[in-house]
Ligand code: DMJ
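The chain below stands alone and is given as C-alpha cells, in the form predicted alone.
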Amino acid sequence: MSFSVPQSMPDFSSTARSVEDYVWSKASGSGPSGTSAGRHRPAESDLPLYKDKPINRSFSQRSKRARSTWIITGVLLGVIMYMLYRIGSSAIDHPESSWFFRARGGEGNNWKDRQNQVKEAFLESWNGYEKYAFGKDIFRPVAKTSRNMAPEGMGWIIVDCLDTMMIMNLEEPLQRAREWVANNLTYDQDYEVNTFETTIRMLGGLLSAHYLSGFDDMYLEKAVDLAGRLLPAFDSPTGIPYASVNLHTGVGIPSHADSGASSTAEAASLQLEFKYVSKLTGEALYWEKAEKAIEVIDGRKAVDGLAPIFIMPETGEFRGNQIRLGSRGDSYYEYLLKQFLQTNKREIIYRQMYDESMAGLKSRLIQKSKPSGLTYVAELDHGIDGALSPKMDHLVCFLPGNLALGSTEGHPLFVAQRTSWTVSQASDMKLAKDLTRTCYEMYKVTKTGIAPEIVYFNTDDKITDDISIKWQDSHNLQRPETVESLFIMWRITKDPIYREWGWEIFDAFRRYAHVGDGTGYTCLESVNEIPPRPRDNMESFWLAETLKYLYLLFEDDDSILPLDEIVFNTEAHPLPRFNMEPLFKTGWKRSSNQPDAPVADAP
C-alpha cells in the first residue's frame, strides 16, 4: 500500500507542553522505534503492462459478393491492419508520445513503472552513500570519498532525505537512518553554520520526519534543540537574522561577504519552520522572532513588492538595489504565499504582500525571448528603474509551481474555476504554464538534455536561438526547481504533458549523471559536453527534492501529500497546515504611511 500522511494531528491546545508530552503513536500506529511500523508496507511492485499490440481481425469471404467488392474490401482492411500495425509499433518504441497508447488506457500503469524507476535511482544513490559515506555530510560518488562539515557531522544528507524514504516506503534504510540520528547526531558543536541552509534542510527535515512518522518524539527533540541553537541568529539590532550562527556559543555572525549583509531570501525563508516549532511546543518566541524579519523587510517599502536581494541586519536597510527571483531573492516570494497557506489562510497580510509582488513581477520583469516568444523572468541589476538583464537562474523555475499554487491555493484547477475564479487567478495560471514551458526548454537546448545553472534569453531579432549558455554557467547541480513545478502543475491541472517532460528530464539524468559503477549520481561540469565531466558531488537535495518531486510527479494518488492540506518548505519538506488560534497571531500590521526606506550603497 502506498504511503499516506498521518490522519491525526498533534494536540496543540496546551501552552505548557514539554517535548516529552508528545506521544501520539497510538493515534497514528507508529512503532516505538519511529519506523512507522503501524503503517502498511508497500505492495509488491506490479509488473508493467506491455504496450498494446495491433488488433488482428479475421474476416470471411462471402461467396455471394461480387469479386470487385471483395477485392476492394480486402484492400481496405489490409490498409487498416497495416496502419494498426504501424501505430502499435510506434507505441512500443515511443510510449510517451503515442496517442494510441494513452487512448488505450495504458498510461497509468506506465507511470507506476516509471515511479518505481525513480525509487530505484534513489536507492542506488542512497546505497552508494551508505556504503562509502554513511554519517558524513558530503559525498563524492566518483571518488567514493566523504567528509564532514562540522567536527561530528551535521546529518546533512541523512536528515535531509528522511521524509523521502518515508514517502517511498523504504523502511529498512529508514530504520538505519533513524538509528544514526538518535544515537550519533548532536548539534552541540562549536561550529558556525549558515542560518538559512541549516533551517530549511536540517530543521525542516526533522520537523517533516516528525510529522510523517506519526509524530515520533525523537525527531521533535532533535528539532527543538536545533531551533534553540539557531534562534540567536535573530538577535540583531533590527531582528533581521545574521547569515550564520555558532551552534555552541549561540552567537549570530554577519556574513563574511557582502559587507555583512544577509540575503533577503535567506532572512525571509525561515518562517515556515520556526512557526511550526512554535505550534508544536507552544512557545511563541520562535514565531515572533521569525515574523519580525518579514515586518522589517515590508517596512522598507520595496517598489511594487520587488525587494533588493541584500539587507543589513544592523540597520534594516537594503544593501544595493539589485532585484531578481533567482539566487538570494527566490524563496522570499515563495514564503510569502506559503505562510498564508500554512496557517490556513488566516494571515491575510502575507497574501497581500505576495499579490503585490506578483503584480510587480508581471509589470516589470516578465519578458519574451526572440524569435520563439518564450516567457522568462528578467533581472534588474541596477534597481527598479534600471535596464533589464535577460539572465535567468534555474532557481527561478520554482516560480511557475508557486504561481499555480497561489492561483488555486492547492486545489485542482477545475475545483478552483468552479468557485470564484478571477482575472488575477487566470493570469497567474497562464503565466505558470508559460514559465513551465520555458523551464522545460532550458533542458531541451543542451546536448545532454539536462539544464545548466544559468541561461540567457535572446532579445536580438538577428539571432535565431532563444537561449544561450555561457561556459561558466553550464554546470548542473542536480537542482529540483523545474521538477518541483512540474509536480505542482500536474497535480493542479492534470495535463499529462508535465509528466512526460518530467520523464524526459529523469531519463537525461540517468543517461549522463549516473556514476557507471552504481554508486549513484553526480553533478556535472558542463551539460553541453558528451560525455560530460563529473563535478564529483551528490547534493543532499538530489535525494531530498529532485527525486522526491519526480516520485510524486508519477504518483496517481492525489491523497498522498495533498496540496490543499500541506505546504512544502523550500527544501521540499512537507509540513501540515494548521490553525493559529488560540495561542498565536500575526504580531504586526502593515503601515501605509512609512517613508521610503533608505538604501545602503553597495561597495
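One rule holds for the numbers: they count along the sequence shown, beginning at 1. None of these values were measured; they are calculated from a predicted model.
FYI, the form predicted together with the named molecule isn't displayed, but the following is about it.
Colleague: Identify, from the list 216, 291, 266, 481, the residue with a heavy atom within 4.5 Å of the named molecule in the model of the complex.
Modeller: It is 481 that has a heavy atom within 4.5 Å of the partner.
Colleague: Between 488, 377, 395, 193, only one gets a heavy atom within 4.5 angstroms of the named molecule in the model of the complex; which residue is that?
Modeller: Partner contact (heavy atom, 4.5 Å) among the options: 395.
Colleague: Exactly one stretch in 472 to 480, 498 to 506, 136 to 144, 355 to 363 has heavy atoms within 4.5 Å of the named molecule in the model of the complex; which is it?
Modeller: Within 4.5 Å of the partner lies stretch 472 to 480.
Colleague: With the cut-off set at 4.5 Å between non-hydrogen atoms, does residue 466 touch the named molecule in the model of the complex?
Modeller: Contact with the named molecule, no.
Colleague: Would you classify residue 330 as touching the named molecule in the model of the complex, given a 4.5 Å non-hydrogen atom cut-off?
Modeller: Contact with the named molecule, yes.
Colleague: With the partner left out here, check for me: in the model of the complex, does some heavy atom of residue 197 sit within 4.5 Å of the named molecule?
Modeller: Within the cut-off, so yes.
Colleague: Quick check on residue 178: any heavy atom within 4.5 Å of the named molecule in the model of the complex?
Modeller: No, no contact at 4.5 Å.
Colleague: Does anything in 490 to 519 come within 4.5 Å of the named molecule in the model of the complex by heavy atoms, and if so which residues, in order?
Modeller: Not one residue comes within 4.5 Å of the partner.
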